[in-house]
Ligand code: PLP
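Presented below, as structure tokens, is a lone chain in the form predicted on its own.
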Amino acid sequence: MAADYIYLDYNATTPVDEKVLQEMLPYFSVKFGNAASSTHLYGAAAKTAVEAARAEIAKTVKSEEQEIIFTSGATEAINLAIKGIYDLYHSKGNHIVTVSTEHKAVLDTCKFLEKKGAQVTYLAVDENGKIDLSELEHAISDKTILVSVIYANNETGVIQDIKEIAKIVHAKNSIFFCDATQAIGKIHVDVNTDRIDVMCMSAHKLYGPKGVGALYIRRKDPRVSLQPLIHGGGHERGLRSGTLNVPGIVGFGKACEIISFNNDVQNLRDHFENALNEKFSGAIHINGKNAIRLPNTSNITFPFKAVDFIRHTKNQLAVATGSACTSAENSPSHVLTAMGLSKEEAERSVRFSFGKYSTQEEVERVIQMIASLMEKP
């Protein structure tokens, strides 16, 4: 990749931090044991490393170590959570409540369960991407077994009122699942303060490796159970069988250990948005600007088509028109259209997501790239 190429797609994935990489390397070769083969030194060393990583991840979200189950990523964790809860609890009720702006991993899983008899309510959002808490309360019935609400939206960065949502869900005796994939590492997440029952996360969103994620499952107050999707060996307390990805898990743990919360990224994002507003006041719209957002995310509607901007900057800049998981689709962002944007407006929207390697100089260059298109006759 060219040295001057600018990467502003950190919500899609992040580069592996050098400290994370160095922590992982021995577990590919020197410490290559299977964590399930703990009867000898190689396996015992792998198991010790896995449990140390589990402890670090639990510390990050303020959970107990036994409440963390390793998966191949957030998508698998989402499937395990939603399908696993439905399969175990559907005799008590078949109703699920979720939000129209959830990640496709949640929406597609719910659509699948509808074919198996689930009744799913998809809550609307306002122009800032927030749900109406009174609508949530009215949507939950005595048949509702699960409520799934994303912590922070991957396209707009909009953060939902998680604590208030949890209060409503628990008052109705339902289980609260939260997709916190974009939130972990960017903002503080505490499963106990937030009263989250089940929550997914992924290493590659916080400078860890791809191919490893985790599912938090509350053990008490209330205790949550679910049916496994994968059988064979009883790994991860019988909830996710299969040989553990030891190097990936080690990297996940290290990535959590070195998380650093500071204002640098938000300062860059805010400068970016302020500069564009000053230059092109009235010609652009920041989606979700009146909501609390992730500090690194800016989703902007321009007068030009997003595909034209990406084509114009393809050899200089990496950005996105929406979720990385749906970027191959030709349809406009379901998140933006749910927020009230027209199809045309959604097609003129670009997501910029900054990271810890982003610089002021890069931001200035991107502003100039945008200006060169804005100022074309």
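Predicted model, so just to flag it, every value in this text is computed and none were measured. In this text, residue numbers run from 1 along the sequence as written.
There is another form of this protein, the form predicted in complex with pyridoxal-5'-phosphate (PLP), and it is not shown here; the text below is about that form.
Enquirer: Mark Q266 yes when one of its heavy atoms lies within 4.5 Å of a heavy atom of pyridoxal-5'-phosphate (PLP) in the predicted bound form, and no otherwise.
Expert: Residue-level check for Q266: no, no contact with pyridoxal-5'-phosphate (PLP).
Enquirer: Consider N154 of the chain shown here, and say whether it contacts pyridoxal-5'-phosphate (PLP) in the predicted bound form, taking contact as heavy atoms within 4.5 Å.
Expert: It does: once pyridoxal-5'-phosphate (PLP) is placed as it appears in the predicted bound form, N154 has a heavy atom within 4.5 Å of it.
Enquirer: Check I150 for me: does it contact pyridoxal-5'-phosphate (PLP) in the predicted bound form (non-hydrogen atoms, 4.5 angstroms)?
Expert: Judged by the heavy-atom cut-off of 4.5 Å, I150 is in contact with pyridoxal-5'-phosphate (PLP) in the predicted bound form.
Enquirer: Since only the chain is shown here, I'm wondering whether T75 would be in contact with pyridoxal-5'-phosphate (PLP) in the predicted bound form (any heavy atom pair within 4.5 Å).
Expert: T75: yes, in contact with pyridoxal-5'-phosphate (PLP) in the predicted bound form.
Enquirer: At 4.5 Å between heavy atoms, only one of the stretches 235-243, 89-97, 272-280, 197-205 reaches pyridoxal-5'-phosphate (PLP) in the predicted bound form; which one is it?
Expert: Of the stretches listed, the one contacting the partner is 197-205.
Enquirer: Which one, Q160, T109, N296, T181, lies within 4.5 Å of pyridoxal-5'-phosphate (PLP) in the predicted bound form by heavy atoms?
Expert: Looking at Q160, T109, N296, T181 one by one, just T181 meets the 4.5 Å heavy-atom criterion.
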